[in-house]
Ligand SMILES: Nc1ncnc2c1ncn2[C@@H]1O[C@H](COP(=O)(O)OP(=O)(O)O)[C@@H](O)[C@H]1O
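Take a look at this one chain, the form predicted alone, written out in structure tokens.
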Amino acid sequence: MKVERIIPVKVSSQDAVIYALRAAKKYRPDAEAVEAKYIGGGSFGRAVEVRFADGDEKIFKFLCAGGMLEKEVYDLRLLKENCTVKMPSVIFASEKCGGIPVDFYCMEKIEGRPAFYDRKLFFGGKKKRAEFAGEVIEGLSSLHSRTSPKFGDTLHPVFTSWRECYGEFAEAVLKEAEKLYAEGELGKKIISAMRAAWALYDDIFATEPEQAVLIHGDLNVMNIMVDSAHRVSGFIDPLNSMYADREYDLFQFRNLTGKRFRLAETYFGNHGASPRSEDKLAFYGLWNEVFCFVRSGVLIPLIMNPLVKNMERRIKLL
């Protein structure tokens, strides 16, 4: 993963809807798109749901940064092949073309809504939440059953050890964080927690993972879809998927409302935990959020502050 600031092409929600209607004509020149609805986006992506006159519904995703198309399409197809939980099929992909200034692809719509918005699931009984967690972990475990002899990016895994693979990335993130701190963009509490954690890197990652496994990379409650019966209906939006330590797929479970469902605890209960699992998850979480800030320039205190505090707590226990 490149650790550098990315200047995205500006695509507003209104722009994305316009581009989706143009893309729909490219996808189905014989059918009329009767509705296009913006459904969300992050730092580098915009998603639009398009409905055609015959009732067909598809999702168009527009990539606001270059060099993302090949990997996103490859990873979606790879994960779909290996996951027992439904994931969207990629139907076609295109580089930027006339009237659409960014790369994009069209994919199947997964029915349901993100678990984050399911209030009945959140406030429901412990049994319902446990059933949800069990379904999530079963699906994630199916992805983790796909292994590789090497660690690294799904397209080109080249590392013989996870410590080497992740250590190279983590050091690059820390170097960029130091630059941003010197420039006044990153706070002292964040960089202090990172420095202290980095000094303990060899202790935290003393135990090597036994196997490089396929990970989703961003499996949080916003990317887990549930149906009207509060059952898991799909996983969406993988990010930076790779062959990695299986526990690298768990730190997102602690974000947003994930703690409520004890997703990480359920995974550990089913598959066991490494000796420093909680320290690793704290490290992974903080480094990922700083990495996102390095790339996008957007810092979200609501997410960052708890990660810093958790890392500080883990350091005190080491």
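Remember, it's a predicted structure, so these values are computed and weren't measured experimentally. Residue numbers here begin at 1 and follow the sequence given.
Although not depicted, the form predicted in complex with the named molecule is the subject of the following passage.
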### Query
Can you pick the stretch from 41-49, 271-279, 24-32, 247-255 whose heavy atoms fall within 4.5 Å of the named molecule in the predicted complex?
41-49
### Query
If you check in the predicted complex, do 171, 178 and 294 all have a non-hydrogen atom within 4.5 Å of the named molecule?
no
#### Entry: Contact flag, residue 191 vs the named molecule in the predicted complex, heavy atom cut 4.5 Å
no
### Query
Using 4.5 Å between non-hydrogen atoms, is residue 237 touching the named molecule in the predicted complex?
yes
### Task
Would you please decide whether residue 110 lies within 4.5 angstroms of the named molecule in the predicted complex, comparing each non-hydrogen atom pair?
yes
### Task
Determine whether any heavy atom of residue 59 comes within 4.5 Å of a heavy atom of the named molecule in the predicted complex, and answer yes or no.
yes
### Message
Just to be sure I understand the contacts: of 143, 232, 165, 222, which is the one whose heavy atoms reach within 4.5 angstroms of the named molecule in the predicted complex?
### Response
222
### Message
So the named molecule isn't shown here. In the predicted complex, which residue out of 217, 88, 139, 152 has a non-hydrogen atom within 4.5 Å of it?
### Response
88
